[in-house]
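Here you get one chain, nothing else, as structure tokens; it is the form predicted alone.
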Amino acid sequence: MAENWLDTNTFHHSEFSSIDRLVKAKKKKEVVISLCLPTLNEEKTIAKEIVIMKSELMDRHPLLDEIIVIDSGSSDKTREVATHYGAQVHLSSDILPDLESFKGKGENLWKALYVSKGDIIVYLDTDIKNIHHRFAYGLLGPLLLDEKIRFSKAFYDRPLSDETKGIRPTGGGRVTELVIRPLFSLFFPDLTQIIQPLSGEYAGYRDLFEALAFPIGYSIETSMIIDIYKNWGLEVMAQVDLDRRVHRNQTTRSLGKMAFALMQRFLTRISDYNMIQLKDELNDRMIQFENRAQEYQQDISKFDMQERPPIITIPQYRERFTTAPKKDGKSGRKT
């Protein structure tokens, strides 16, 4: 077990609060940085997120080069609001239209690689009620200032938000503690040092993301951590304390569905790595029960195990991001 990782690769966002320092490091590295926001019916929070990131990290400090929204087909005004406040907005199904289209967070993140231009990609969820630009610069700090770090992940206190009872100071992260941490403890003890493996905020270099398979749904974060660990090791990862994240919380039934999808992906992933042998295919349906008028009725949810391959294997992507020589002789990308 890499026992020192928690000490050497864990940071607090305040260590990177000098954004001018990050801008200088960005210029020295000659990198482009893209902020990518996956959305589905987020009209209540998307405007504030875009305004804060754009005003602080584009207008005031030139740290971000673009803000891109990838939408799954919102039925509210998410896309209109995001466009109004200056983001580049794409409907997920319009990206790579020759391929079969799916709906899910992982699908949006995968397609963001095709429409963005950054050498570094920052992914942030869009339901954050206490959004602050530290959510972006905090994740970028280790990538810009430490040559070894290729991927950074957020952690924070996650209070429970209730419309009637207000905010309780703790209690979030239930699926992590009940599902993912026990599984990591059994199969990947090193990864237990990641405080919040399911956090939806992370950043990394394009050449890392483009080599990963992306499950289309809930399990993208778990899959990503395992694949990075198995292919590059824990030392290329960092985690950053962003203090606090307030967002809408899921019901226990919804968390059960999420836990099912995560366990389903986890078992197939460790089977892919020959860590276990699955003699039969896993069931793709989560079976729950509802009490309706004193009668228990089955509620069955089907989970698609569809996974996007590493995007570097897609011919359209390789054509769009062909490595080409720069004038100074250094390699670069054609976009």
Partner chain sequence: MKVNLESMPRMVSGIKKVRDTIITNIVLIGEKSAPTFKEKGRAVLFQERLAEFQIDECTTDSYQNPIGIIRGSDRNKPPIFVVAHLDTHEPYQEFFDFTVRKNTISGPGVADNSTGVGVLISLPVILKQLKLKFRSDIVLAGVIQSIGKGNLRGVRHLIKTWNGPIRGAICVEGVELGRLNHYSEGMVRAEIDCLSSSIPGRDKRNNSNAILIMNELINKILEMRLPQRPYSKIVLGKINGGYHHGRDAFDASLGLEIKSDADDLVKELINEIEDITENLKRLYEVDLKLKVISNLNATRLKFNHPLVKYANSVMKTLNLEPKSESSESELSIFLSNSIPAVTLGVTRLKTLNPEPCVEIDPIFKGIAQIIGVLQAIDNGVCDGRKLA
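Numbering follows the first chain given and starts at 1. In this text the structure is predicted, and so the values were computed from the model without any measurement.
From this point on, the text means the form predicted together with its partner chain, which you will not see here.
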Location of its partner chain contact in the predicted complex, chosen stretch of 59 to 67, 300 to 308, 264 to 272, 287 to 295 [non-hydrogen atom, 4.5 Å]: 59 to 67
Within 4.5 Å, heavy atoms only, which of 96, 208, 179, 246 is in contact with its partner chain in the predicted complex? 246
Listed residue (85, 187, 114, 155) with a non-hydrogen atom within 4.5 angstroms of its partner chain in the predicted complex: 85
So in the predicted complex, does residue 283 come within 4.5 Å of its partner chain, heavy atom to heavy atom? no
Whether residue 51 contacts its partner chain in the predicted complex should be assessed with a 4.5 Å heavy atom distance threshold; does it? yes
Does residue 132 reach its partner chain in the predicted complex if we count a contact as any heavy atom within 4.5 Å? yes
Partner contact for residue 44 in the predicted complex: its partner chain, 4.5 angstroms, heavy atom: yes
